[in-house]
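A lone chain, given as structure tokens: the form predicted alone.
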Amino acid sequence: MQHLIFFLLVFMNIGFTSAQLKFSLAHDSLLYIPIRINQEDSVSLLRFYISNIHIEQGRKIIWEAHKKHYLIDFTQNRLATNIVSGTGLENIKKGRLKFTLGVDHKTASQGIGEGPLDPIQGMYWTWQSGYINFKLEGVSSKCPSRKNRFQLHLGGFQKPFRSAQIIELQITGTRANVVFNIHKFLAEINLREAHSIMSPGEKAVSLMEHAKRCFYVQ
């Protein structure tokens, strides 16, 4: 089976005057959750926060997203929200794309927010634990849990378990793909042991660091 790859942040020209970053999911053709990884494993939910999106040249910020926080959700009826826009993006040819995977600790320490940060989104624990930065659920034959289900709810904003990750990627040209490889993420974790993470801690931080390494430019 061909590798399942998440194509994120696709630069798309809108007419001749504007552009956007579109978070999309592709594997030969457009796919939606649920996703079958192989004959025995599947993903039923994938959503995560992306924050503080901007592009730098040297030490100067040359572009930044219109909003500070975006909840990226690959459920079919939520794909329309997976778009990041900002004036001037179409003029950028080269730079360093920088964003936070998750909600930064300063924002999380302020308690519940609105819009994508509203607890109604299902991505908030409590004032003490803060936001779930990355949520992945599914079924795997490797899991000894009931019905072989895994639930990875990764978060935490207080030391020593701050889990949000800053990601930096070099981009060139007016079009670029930033890829999140779900196969790499699942292949390099032990679902026999780490199949149910529902609170901040060392395992959550470690898996967030691993998720960071699954982003790259193609």
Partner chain sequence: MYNKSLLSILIGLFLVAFALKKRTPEPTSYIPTPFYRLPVFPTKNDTVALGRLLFYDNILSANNQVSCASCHNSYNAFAHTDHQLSHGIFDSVGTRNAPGLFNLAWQKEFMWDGATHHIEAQALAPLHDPKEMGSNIKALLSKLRASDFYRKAFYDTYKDTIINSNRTLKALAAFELSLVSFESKYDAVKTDNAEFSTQEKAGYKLFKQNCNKCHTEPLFTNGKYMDNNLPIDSSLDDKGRFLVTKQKEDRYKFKVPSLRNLSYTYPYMHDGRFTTLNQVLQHYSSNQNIKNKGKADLEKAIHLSFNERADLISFLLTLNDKNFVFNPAYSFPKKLKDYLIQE
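Quick caveat: nothing in here was measured; it's all calculated off a predicted structure. Residue numbers count along the first chain shown, from 1.
This next part talks about the form predicted in complex with its partner chain, which is not shown.
- For the chain shown alone, I132 is not a contact residue for its partner chain in the predicted bound form, no non-hydrogen atom being within 4.5 angstroms.
- Among heavy atoms of F157, some come within 4.5 Å of its partner chain in the predicted bound form.
- Remark: Q128 counts among the residues lining its partner chain in the predicted bound form, judged by a heavy atom distance of 4.5 Å or less.
- In the predicted bound form, L101 stays away from its partner chain, with no heavy atom inside 4.5 Å.
- Only one of the listed residues (T75, S145, N91, S109) places a non-hydrogen atom within 4.5 angstroms of its partner chain in the predicted bound form, and that residue is S109.
- Listed stretches are 157 to 165, 65 to 73, 48 to 56, 187 to 195; the contact stretch with its partner chain in the predicted bound form is 157 to 165, by a heavy atom cutoff of 4.5 Å.
- The Cα-Cα distance between A65 and W127 is lengthened by 3 Å or more in the predicted bound form relative to the form shown here.
- A decrease of at least 3 Å in the separation of the C-alpha atoms of S196 and Q128 is found in the predicted bound form, compared with the displayed form.
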